[in-house]
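Here we start with a single chain on its own, the form predicted alone, put down as structure tokens.
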């Protein structure tokens, strides 16, 4: 997400740091590079123009030009302006005073409406709500079946509809009644889509809006389509009055132009982003955190929130104790890998880390998930005694472990070598300043490996 733009902006700031002082000339050159970087990231030209004007107005001021660290001042200005463009603050979902709150999920066919409906229902259920879903796509039975399957996997209710309910309005009305009687406080209405915007679709959606009075009308768009997603959102808002946007497939969009354009062009906030196919791969959109990621400063807050939701806290505290006391076994090593994998693809986790200091090369790290599977398989092929004491693993045991895990003796040797090095490093930490510090900390989780 934003990989290309982030890399180019960091190059601009690096060049500025190389200057003895900031002048009008080198600032103009930097602004030209920023403009090109934004346009190449598929950011809407109107957004680019406004952003550059705002940055120029602030950056060319006397305060910046005479600053002790002008490049840092420019980074600060770009960060502030990116946040403004993205929305200044997180835009939360709104809820009705009298439940159930109705939320219409709209968008073009193939944008990911049905999957997003299920993901949003999961997110709501994890945040204190009792959602129900309904598909009102009477034209594509497969779409309704897809929602039923997703709802079953999440163990969340979906209104099935009766044989006589043949119109979207009929289905939606009955679903709202069902949600009210069963104590559900949110009804998510997955609407039909088209390959392109047409009058029939809009008439149908307008009728649903009139009958249901939804608190939220969320437009779902595929981030990979770039400015087409922005144009569709703008047209849906003009004809329907959307209240927010959900961008799907953000994990596959290295440019990020849609995310940077959509609020400025439509006037409506980006509320969630889809960052994968799994049910938990939906995140609230935080403008300040996204701006931080674009500028290479990472998104540690999102990492911590995700970890707090998915990591077993009791195990984490116990792991911290073992690290301090140098009792870290191969079984613990395997358990840490499993805990970390809960956070999603490791490349996605690494992308949240700030690209500074010893972490600056993380953007170049390519994680082979198959290698991680091999590591777990090797440790699983060991006996409990071997996992507790790696020193007893001789040549014969290594051959047996390799055969049992479908790997080679060389791979087993490599794992044991890496594990021994990790233990040695942790031992040096635990006896020194870091160990004392860790011993005093009462963290809810631990990721030291």
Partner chain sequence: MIQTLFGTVEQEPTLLDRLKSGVQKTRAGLVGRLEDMLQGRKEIDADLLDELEYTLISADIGVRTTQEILERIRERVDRSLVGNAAELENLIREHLLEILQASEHAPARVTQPPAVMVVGVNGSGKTTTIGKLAHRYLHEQRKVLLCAADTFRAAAIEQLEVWAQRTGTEMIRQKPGADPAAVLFDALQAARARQADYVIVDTAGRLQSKANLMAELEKMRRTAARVIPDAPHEVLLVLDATTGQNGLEQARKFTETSGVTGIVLTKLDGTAKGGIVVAIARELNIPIRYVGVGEKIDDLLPFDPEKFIESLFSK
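Here the rigid core means the biggest group of C-alpha atoms that line up within 1.5 Å when the two forms are laid on top of each other. Since the structure is predicted, the reported quantities are computational estimates derived from the model, not experimental observations. Numbering follows the first chain given and starts at 1.
Beyond the structure shown, there is the form predicted together with its partner chain, which is absent from this document and is the topic of what follows.
Just one listed stretch, out of 103 to 111, 375 to 383, 176 to 184, 161 to 169, contacts its partner chain in the predicted bound form at the 4.5 Å heavy atom level, and that stretch is 103 to 111. Heavy atoms of residue 419 never reach within 4.5 Å of its partner chain in the predicted bound form, leaving it off the interface.
At the 4.5 Å threshold, heavy atoms of residue 413 stay clear of its partner chain in the predicted bound form, well away from it. Although the partner is absent here, residue 408 lies well away from its partner chain in the predicted bound form, with no heavy atom inside 4.5 Å.
Among residues of the shown chain, residue 46 is one whose heavy atoms approach its partner chain to within 4.5 Å in the predicted bound form.
Taking a 4.5 Å heavy atom cutoff to its partner chain in the predicted bound form, the contact residue among 388, 29, 39, 60 is 39.
When its partner chain is considered in the predicted bound form, only one residue from 288, 277, 331, 327 comes within 4.5 Å through any heavy atom, namely 277.
Here the marked residues 87, 96 and 225 all reach its partner chain in the predicted bound form, each with a heavy atom within 4.5 angstroms.
In a rigid-core overlay of the protein, residue 140 has its C-alpha displaced by at least 2 Å between the shown form and the other one. The two forms, fitted on the rigid core, differ between the shown form and the other one by 2 Å or more at the CA of residue 227.
Legend note: Cα of residue 159 to Cα of residue 141 is at least 3 Å farther in the predicted bound form than in the depicted form. An increase of at least 3 Å in the separation of the C-alpha atoms of residue 230 and residue 277 is found in the predicted bound form, compared with the displayed form.
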